[in-house]
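Two forms of a single protein chain come next, each set out by itself as structure tokens; they are called structure 1 and structure 2.
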Structure 1
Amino acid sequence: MPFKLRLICMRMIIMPSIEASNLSKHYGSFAAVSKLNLKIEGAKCVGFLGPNGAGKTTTLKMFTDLIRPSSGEALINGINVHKQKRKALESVGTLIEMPEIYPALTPREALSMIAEIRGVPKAERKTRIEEAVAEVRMNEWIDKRVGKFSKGMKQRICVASAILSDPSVVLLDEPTSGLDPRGMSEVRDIIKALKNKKRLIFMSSHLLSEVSDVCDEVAIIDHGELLVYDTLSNVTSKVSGGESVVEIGLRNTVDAEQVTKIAAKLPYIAKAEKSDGTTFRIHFDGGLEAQEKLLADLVKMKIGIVSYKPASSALEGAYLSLIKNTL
């Protein structure tokens, strides 16, 4: 195989990755991030959780060279961000804090600037900008000056900027912050779409329900130290003594008796409870394999399942338990 073709093939199979290696940031005696070791590889969405001041934003800033680490390395696709920023960030879309855009520019101009800086081919620039703006539902505002926009509208443009260059890694710092419920839902849809495009998404959030809804894995940090990094179900089951909780949505109304009957048919279920009219929750032992089996068994029962997801309250329980342990 010719060298050039081999090179292209090699590039095609590179998995997107981010890695913190002994990453630390100290402000005097205060350790904002302390010897963080975290390697995330492959196309997935990872939620980055922790209380205020835990070091989430500091970590993301070190991954984007807004802050230099006191020690350790931040690597993206194997490239040190601080030594080779241009190369490391060439395939990374970012949204850190709530950026402001030059007020006299229009979204089209602001995104053109980013597209040009990122080297989006001229022929594709216009289409990509319009697609990105359409994705965040800001088409009508594309040629209006940003200075007059609300916080939420600016946040949408910043989300558009993060996805504009079709990056392989997307770093998001509380991406739904400042958005109204519809905006939050739309941004979640965008993140899910990015997942489908096989991107690595690393997002910090305070909203556990959002992380449950969108993410495959979760990393929890507190006092600058990583507490856990695992799949959502493993984290919840580990902390709750091996018990996982899933929330099941049905097409039709469900009553308590029906829920009990379902639970009785599946002996590995620890507990089943009705949540509201069409949803109920199942507590069971085991991780992803048990979760897969449960879904298969429920589908076989033909009870009209329309949704099946890890319960956010399970994550909340795990989160609180982990954070409490560090106080």
Structure 2
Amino acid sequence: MPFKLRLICMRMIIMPSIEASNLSKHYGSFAAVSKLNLKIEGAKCVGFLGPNGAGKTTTLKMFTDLIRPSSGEALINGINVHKQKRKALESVGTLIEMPEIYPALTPREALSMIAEIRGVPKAERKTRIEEAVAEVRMNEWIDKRVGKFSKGMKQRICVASAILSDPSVVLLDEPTSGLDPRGMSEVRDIIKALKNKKRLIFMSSHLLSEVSDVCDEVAIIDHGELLVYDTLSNVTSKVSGGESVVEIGLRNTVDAEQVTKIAAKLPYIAKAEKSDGTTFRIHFDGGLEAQEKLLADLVKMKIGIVSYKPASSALEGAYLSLIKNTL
């Protein structure tokens, strides 16, 4: 069976999943990760949040067998990574920390080496490389020397290497770290596009706005321990005592008077406030059901909605509240 067809069949049979079961890593008396229990299933993007030193990278390295756990298990698609490494990782793409590409190579040459190492059949390598490069929007640079690339362009090629074998699970460790605003925006847009390929994306970050913009769910870790795992709206709602905040983006600019008029038509919301030129925030009580009703009512108003997401400020409040409680 051809390589790509085999991967498609695997996806039809297995819902992508990752699971940490009592996963721990100790360095002497120091616990980098402590009895972590986390199970994520389905095609979605999950943000892995926590302060520096919280255990995010250590966890990702245990999921890829770069680090052996002191105890517990790391499972990918139900397979123990440390006992059946090749089988567990054959449907996984990873970008851990900041790998470098030899500057004298072109993306085609670098990805050809990676494709060979990962066992992509020789007859399919050219197609897979070109598809992966197209996904990260680097087609016109595929035969240029990497040494001439900006940091953001190099990072996009690194993302291409992670999706080269068309994985069902993608693990990303702070993929926009060290990039300028334009580079960060480009990589975030690529990650959003990856979600459309029915993949499970687990992405560590310490940028709350990034997680709010890209992710569907969030897991927050501190001192090696899981504090919460849920949808973005449920996390912010739980910590704020039931109040949720969403940010609505419109096609055209909006002023305070317009926001007031919109709020007047929705008596069940607590507060509405202008955010910037084309966005405003709405505070309301409840979780996903209330959020669904709010979106439906806003769409009926035909006000030109182009985006609807949990506000980054709401996630920031939840994050700081949870982290503060562990100090």
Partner chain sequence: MTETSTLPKNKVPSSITQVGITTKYTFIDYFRSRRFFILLTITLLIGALLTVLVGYYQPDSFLASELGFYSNWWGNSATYVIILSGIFFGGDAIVGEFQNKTGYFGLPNPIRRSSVYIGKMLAAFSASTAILGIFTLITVVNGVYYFGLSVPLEFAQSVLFAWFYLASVIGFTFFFSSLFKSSTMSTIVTAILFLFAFSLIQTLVSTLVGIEPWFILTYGAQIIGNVLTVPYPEHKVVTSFGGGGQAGVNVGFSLTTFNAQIPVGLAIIGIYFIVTAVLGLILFEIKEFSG
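Just so you know, these numbers come straight off a predicted model, no measurement behind them. Please note that residue numbering is based on structure 1, beginning with 1 at the start of its sequence. By rigid core we mean the largest C-alpha set that fits within 1.5 Å across both forms.
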Lone-chain pair; form predicted in complex with its partner chain identified as structure 1
CA of L200, rigid core aligned, shift of 2 Å or more between structures 1 and 2: no
Quick one: core overlaid, is K151 moving 2 Å or more at the Cα between structures 1 and 2? yes
Which rotation angle in degrees describes the motion of the smaller rigid part relative to the larger between structures 1 and 2? 16
Could you state, for a rigid core superposition, the Cα shift of A104 between structures 1 and 2 in Å? 4.7
